[in-house]
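Taking the form predicted alone, here's one chain by itself in structure tokens.
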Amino acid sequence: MEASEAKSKKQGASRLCCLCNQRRPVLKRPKTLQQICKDCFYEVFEEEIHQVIVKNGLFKAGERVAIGASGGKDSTVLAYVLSELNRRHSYGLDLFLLSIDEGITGYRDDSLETVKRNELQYGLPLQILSYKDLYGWTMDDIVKMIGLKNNCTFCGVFRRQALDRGAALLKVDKLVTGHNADDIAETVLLNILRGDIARLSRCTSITTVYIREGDLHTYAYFKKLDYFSTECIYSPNAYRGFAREFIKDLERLRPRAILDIIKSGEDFRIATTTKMPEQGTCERCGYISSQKWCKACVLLDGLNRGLPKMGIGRARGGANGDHHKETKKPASAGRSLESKQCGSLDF
């Protein structure tokens, strides 16, 4: 009888949160394999982010920080947590939401409505920039011209520069985005598959809080955050999707596979004899580029000339921009709004 009672008590204790030993666990974190309750999950999730911010000195009081906001769960969690930590720990940051409207009917227009609600919910000013205003094209227009095979190349290149342009417009000191650990692992794998040494060395060099996608989803769900969950209608054929599925298969066999891939990316060493591209500025728009013309300008020039596939693929040698005779900068290229280079931080 006593042995049975002792066994029952032991089983009851094992069903308690391993951190507080008071409440029943609601999840098992793949990152630590800990079975924890909802309140302890909130605490460790937010504390991990806070510790990375503090240990790396990511922010200084008085800085202006833009949060890349798409309306999805990752950027919504980032906006919510960063605003909470800023208040709780007195970071002294001026936070802004920065959204890019790619012009995808039935997708981005709906997600931006979520961002507009987040603006009111978190009390953060919102700036929206559109591809149409910046480049004269929407993604709907681009897909009509090029089809679904390479459309993600255009969107990714234009969005990265659009975020830089928005950061310059807001005159911010830092730009943070909601990329999670799964995203970084996918990027490491893609760069290996493409043999892109330059991007491979950069993709893990940004100070990052490696939060798993599952943890972000759980946090957003338990906190009942307002976010948009529909996938982009143009993404099913994206190359990244195949890498994502492969990594998910690895994760099922080895839960730490995602973090191991990221660690491998961080530990890669490039031979000293390897010639790396040198960062400069685009002769046409004044933004960051390792070629005479940045990728955004090359792609945009191809679209405007009715040759949308002209800029697809990696440039070899000096081909990127060498065929262009025009080297005169637009009048606006010299302005601080156009040429300001902003820091970037991935969460």
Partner chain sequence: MACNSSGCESGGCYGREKDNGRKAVDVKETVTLCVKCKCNEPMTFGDGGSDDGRFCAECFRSNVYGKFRLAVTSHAMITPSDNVLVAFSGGSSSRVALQFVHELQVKALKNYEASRDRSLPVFGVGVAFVDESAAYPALYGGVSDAIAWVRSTVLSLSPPGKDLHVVPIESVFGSDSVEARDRLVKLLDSVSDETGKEDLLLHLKMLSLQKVASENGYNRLVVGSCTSRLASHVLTATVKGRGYSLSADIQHVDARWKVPIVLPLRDCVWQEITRLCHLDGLKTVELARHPQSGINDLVSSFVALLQEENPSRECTIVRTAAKLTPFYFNKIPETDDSCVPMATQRRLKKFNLKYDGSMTTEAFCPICNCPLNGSDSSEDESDALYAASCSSCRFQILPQDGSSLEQFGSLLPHHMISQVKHHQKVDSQTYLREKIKDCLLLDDEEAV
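Note that the structure is predicted; figures quoted are calculated from it, not measured. Numbering follows the first chain given and starts at 1.
Another form, the form predicted together with the partner chain, is not on view; read the next lines as being about it.
Visitor: Sort through Asp109, Glu231, Asp133, Asp249 and report the residue having a heavy atom within 4.5 Å of the partner chain in the predicted bound form.
Guide: Exactly one residue meets the criterion: Asp249.
Visitor: Name the single residue among Ile211, Ile261, Ala220, Leu163 that comes within 4.5 Å of the partner chain in the predicted bound form, judging by heavy atoms.
Guide: Here the answer is residue option Ile261.
Visitor: Taking any heavy atom pair closer than or equal to 4.5 Å as contact, tell me whether Lys224 reaches the partner chain in the predicted bound form.
Guide: No - in the predicted bound form, heavy atoms of Lys224 and the partner chain never come within 4.5 Å of each other.
Visitor: Is Asn191 near the partner chain? Define near as a heavy atom within 4.5 Å, in the predicted bound form.
Guide: The answer is yes: Asn191 has a heavy atom within 4.5 Å of the partner chain.
Visitor: I'd like to know whether Ala257 contacts the partner chain in the predicted bound form, with contact meaning heavy atoms within 4.5 angstroms.
Guide: Contact with the partner chain, yes.
Visitor: Taking 4.5 angstroms as the cut-off for heavy atoms, does Glu113 touch the partner chain in the predicted bound form?
Guide: Close contact is absent here: in the predicted bound form, Glu113 is far from the partner chain, nothing within 4.5 Å, heavy atoms only.
Visitor: Since the chain is shown here on its own, which stretch among 264-272, 70-78, 152-160, 172-180 would lie within 4.5 Å of the partner chain in the predicted bound form, judged by heavy atoms?
Guide: Selected range: 264-272.
Visitor: I have Ile197, Phe242 and Leu253 flagged as a candidate spot, so tell me whether each of them has a non-hydrogen atom within 4.5 Å of the partner chain in the predicted bound form.
Guide: All three within 4.5 Å in the predicted bound form.
Visitor: For the stretch 34-57, I need every residue with any heavy atom inside 4.5 Å of the partner chain in the predicted bound form, listed N to C.
Guide: Residues within 4.5 Å: none.
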